[in-house]
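Encoded as structure tokens, the following chain is the form predicted alone, with no partner shown.
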Amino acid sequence: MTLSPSSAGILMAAPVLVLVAVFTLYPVGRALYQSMHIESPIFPSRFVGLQNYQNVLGGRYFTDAAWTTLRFAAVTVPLLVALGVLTALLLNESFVGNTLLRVGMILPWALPATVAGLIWKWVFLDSWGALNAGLYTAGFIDNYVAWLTTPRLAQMAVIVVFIWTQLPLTAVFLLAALQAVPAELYDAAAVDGAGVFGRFWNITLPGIRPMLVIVALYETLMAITNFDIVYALTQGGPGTATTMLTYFTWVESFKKLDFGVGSALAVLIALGSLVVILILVRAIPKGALVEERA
């Protein structure tokens, strides 16, 4: 039997479509179903409609976690983009050890986020952490600093570790974009008398603009869905200082065993992420992702 081109295409795509349905559509559908039910090993399943969403949105803990997540993203994403550009500019230069540096800087990104969190927890520990020991030995502090039990310092610690884990990938993406900028443009600008800042502003920045947008969108999603680092480093503490929406979801689902509320939170996080991304995409100037053609 001879298949038509359209039928053959559908047949070849079928295995992928089945995988998408199993690993994407089903979990989404299951989350939506659970979010409208009482789902717990303690109580029998019962349909409650939008009650789980009302309980979540009406609670103070959700509001606190949402603001903590937004502040975290607002701080980390611009820092990552700026540091990523500076790191990529450094790696784009020729110097002894450049190759070794490029390989070595991938290590923080290659480590699982939970492992990175545990490593940095040993650094930031209040009583015998490496940072306190080093500062005390060098004479910079007279008493150990409570890095992980002081709200502001704990938030700073989470920001530092998140940037440490995400910067390598950001720098690699931006380095690839830098190397795609034609060298002839820099030569022409130098002949015209453009300085370092002028070449960066008029050639480098427009050349890497599409990648800057992609990196900013990606890191925004990573910041909003950050869980592993918080879990390993602070477990949402002290108090709720570092409790973000994803950690709040884990607490509701696996500590309180309320999978209905946890699913409602997961759906709200997905919708919130979509809204943030749509806002960012709408705010992107026309032609930022693709070069305008005459």
Partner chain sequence: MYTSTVKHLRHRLNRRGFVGTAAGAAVAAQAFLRTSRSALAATQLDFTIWNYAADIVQDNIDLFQEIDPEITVQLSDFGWPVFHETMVNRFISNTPTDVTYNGGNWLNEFAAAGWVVSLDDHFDWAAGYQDKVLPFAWQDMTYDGKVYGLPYYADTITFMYNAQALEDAGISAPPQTWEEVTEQSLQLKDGGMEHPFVYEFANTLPNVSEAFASMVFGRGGELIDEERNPLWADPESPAAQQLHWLIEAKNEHDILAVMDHETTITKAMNTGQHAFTVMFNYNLAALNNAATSPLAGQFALALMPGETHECYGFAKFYNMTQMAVDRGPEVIAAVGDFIQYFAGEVDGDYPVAKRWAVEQGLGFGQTALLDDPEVIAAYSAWVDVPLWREQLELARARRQAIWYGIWSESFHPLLGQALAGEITADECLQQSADAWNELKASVEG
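Residue numbers count along the first chain shown, from 1. Keep in mind it's a predicted model, so treat the numbers as computed, not measured.
As for the form predicted together with its partner chain, it is not shown, yet the points below apply to it.
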query: Do all of W128, Y144 and T240 end up near its partner chain in the model of the complex, with near meaning a heavy atom within 4.5 Å?
result: yes
message: So its partner chain isn't shown here. In the model of the complex, which residue out of Y26, W67, F254, Y33 has a non-hydrogen atom within 4.5 Å of it?
response: F254
statement: Answer among 92 to 100, 148 to 156, 205 to 213, 183 to 191 for heavy atoms within 4.5 Å of its partner chain in the model of the complex: the stretch 148 to 156
message: Residue-level question: is R199 within 4.5 Å of its partner chain in the model of the complex, judged on heavy atoms?
response: no
- prompt: Is Q235 a contact residue for its partner chain in the model of the complex, using a 4.5 Å heavy atom cut-off?
  reply: yes
- prompt: Does its partner chain come within 4.5 Å of any heavy atom of W250 in the model of the complex?
  reply: yes
query: Any chance F259 has a heavy atom within 4.5 Å of its partner chain in the model of the complex?
result: yes
- request: Taking only heavy atoms into account, state which residues of 95 to 121 are within 4.5 Å of its partner chain in the model of the complex, ordered by sequence.
  value: K121
